[in-house]
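Only one chain is shown below, in structure tokens, and it's the form predicted alone.
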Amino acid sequence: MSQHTPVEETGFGKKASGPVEWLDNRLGLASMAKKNIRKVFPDHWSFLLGEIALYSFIVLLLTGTFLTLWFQPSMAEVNYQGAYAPLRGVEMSQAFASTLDISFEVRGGLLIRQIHHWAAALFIAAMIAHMLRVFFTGAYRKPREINWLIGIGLMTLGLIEGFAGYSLPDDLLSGTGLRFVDGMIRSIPIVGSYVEFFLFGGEFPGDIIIPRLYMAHILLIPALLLGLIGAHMLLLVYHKHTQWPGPGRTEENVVGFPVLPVYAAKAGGFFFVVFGFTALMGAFFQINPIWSYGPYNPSEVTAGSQPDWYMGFVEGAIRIMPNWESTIFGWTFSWNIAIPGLGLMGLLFTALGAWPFVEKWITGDDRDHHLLQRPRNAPVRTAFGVAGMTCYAMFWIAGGNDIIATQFHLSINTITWFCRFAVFIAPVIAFIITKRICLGLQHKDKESLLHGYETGIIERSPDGGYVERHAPLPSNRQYALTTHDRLPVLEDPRTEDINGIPNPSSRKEKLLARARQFYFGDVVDKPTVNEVEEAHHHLGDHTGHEITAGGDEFQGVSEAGIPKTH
């Protein structure tokens, strides 16, 4: 018996390690896991925005799987005889009837429907907030331009996916939105009507658009989203995560927590927080009550109908666009729909995709960047971002001009005309104000570095005057304020060489010089080592003792702007 026991233990060990060893020999899982489970991720609340988008997408997959078990993606007409009494006997599509059945007859169906809808809104909101964080902090700079483009693709697909799911119940509100999109498709010059007939299988609404949207919503677009999310995460791991400037943080390292056990535990807990939050919203806040709208009928329209918030800017642009149409060679061009509808979205995504490369051309900066920029240190970029947000808000207001008019007893024509001017004027005002705020904050940072902070200690001088004692900022604060690049030297463009021969690239150089002057012209540079040491020596003379900051004797900043301490 004693001789048999070791044999059993050895055999059990071989059985337990057999499948793992077999996979490791063929896939290299152990070496891959050893490398990645200790991957370090920085810790900052702003990085959670991307995680919210990821976790809400997982919630969408889980709840969407549940809903597909009962939803019938058919536009065939049926006579409703279900649980919702006010609509009994009404002719409707199977899609609408099955959505009513999910809401009133499937146990937990309404809760899952509302969680799904809230998670969709949260998914797009988190993506937009995440992209704004990336934009304002310069996280899209080299080597992350491709990841920025992937993010734009994810946002575009998210908008399409949200609209497709919004249209599936075939209710009067979503049908009105689908009619809106039909008008935009028709406005495509020359080929618009052909594209409409191809998508709808004939004249609107046809009888195949809901099945087609359903397949795109549950199969095609989610597959593309999963692929892009996977690529996005792989590039994130490959390039390593960006981090905010601070002591010990450089372009060559990452300061944070490893994936296992710290980050994985925090990420898992945060997933359940997001899931719980969407579940609470689905339980207590009603969204998309399709039984109040009724089934879609092309001859009817819902009064005060509004799209989901993320598509409101397109509708607002179309509402305030003047009625521009022209007929050329028998073709009617509806510029009042094509320009604000198709042109606006094309302009938005083109500008977002081109921005990293335009900024790189202006700055001439081709280095890798892993430290984030404070928005105040890139005032022109920050001002452009706020101007874009302001323009978006003006379109958003225009998209609800009828609701605003009825709720606040205003003239809808007045609101429309206000928005027509505001979409051009308000962004300019926002740009100017934001840039001035950023420059003011830069001046404040430089003043704090040179003259320290107010200690609250009042001293009386021999001549009877009173002065407040100042002390240098703590070293970690000085590091954060000075860890950014110095401004480049702006040079005049060369119109000719030393021999007086005209420079063939002079126009391009003039354009680049103007762009750089616009981008860097008013920016406040950080103080030099001599300026800081002289200012702190002056502080020491006034206080009568050695100036210290946070327990470390301050020795100035290096040429790279990094404080030196003992």
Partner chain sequence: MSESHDNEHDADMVPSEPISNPGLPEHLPRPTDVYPEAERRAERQVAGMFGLAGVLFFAFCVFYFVVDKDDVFLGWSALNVALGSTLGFGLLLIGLGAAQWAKKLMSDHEMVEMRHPVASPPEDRAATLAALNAGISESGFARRPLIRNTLLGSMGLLGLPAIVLLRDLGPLPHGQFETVWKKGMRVVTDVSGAPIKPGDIEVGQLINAEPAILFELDADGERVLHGTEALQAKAKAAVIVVRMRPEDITPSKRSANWGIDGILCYSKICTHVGCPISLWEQQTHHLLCPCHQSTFDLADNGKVIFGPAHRPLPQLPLALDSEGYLIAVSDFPDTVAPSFPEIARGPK
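Treat the numbers as computed from the prediction; the structure is a model and nothing was measured. Residue numbers count along the first chain shown, from 1.
In what follows, reference is made to the form predicted together with its partner chain, a form of this protein that is not presented.
- prompt: Since exactly one of Gly138, Pro379, Pro205, Gly158 fits, which has a heavy atom within 4.5 Å of its partner chain in the predicted complex?
  reply: It is Pro205 that has a heavy atom within 4.5 Å of the partner.
The single option of Gly440, Gly346, Pro298, Gly230 touching its partner chain in the predicted complex, heavy atom within 4.5 Å: Flagged contact: Pro298.
message: Counting any heavy atom within 4.5 Å as contact, can you tell me which stretch out of 160-168, 334-342, 117-125, 432-440 lines its partner chain in the predicted complex?
response: Looking at the partner contacts, the answer comes out as 334-342.
task: Look up in the predicted complex whether Lys39 has a non-hydrogen atom within 4.5 angstroms of its partner chain, and give yes or no.
output: Yes.
- prompt: Any of the heavy atoms of Ile190 lying within 4.5 Å of its partner chain in the predicted complex?
  reply: Yes, Ile190 lies within 4.5 Å of its partner chain in the predicted complex.
- prompt: At the 4.5 Å heavy atom threshold, is Thr455 in contact with its partner chain in the predicted complex?
  reply: Contact check for Thr455: no, nothing within 4.5 Å of its partner chain in the predicted complex.
message: Please determine whether Arg367 contacts its partner chain in the predicted complex, using a 4.5 Å cut-off between heavy atoms.
response: Result yes; Arg367 sits at the interface with its partner chain in the predicted complex.
- prompt: Even though its partner chain is not shown here, does it sit in the predicted complex so that Arg26, Arg133 and Leu224 each have a heavy atom within 4.5 Å?
  reply: So, no: the whole triplet misses its partner chain.
- request: Taking its partner chain as it sits in the predicted complex, which residues of 405-438 have a non-hydrogen atom within 4.5 Å of it? Please list them.
  value: Sequence-ordered list: Ile412, Asn413, Thr416.
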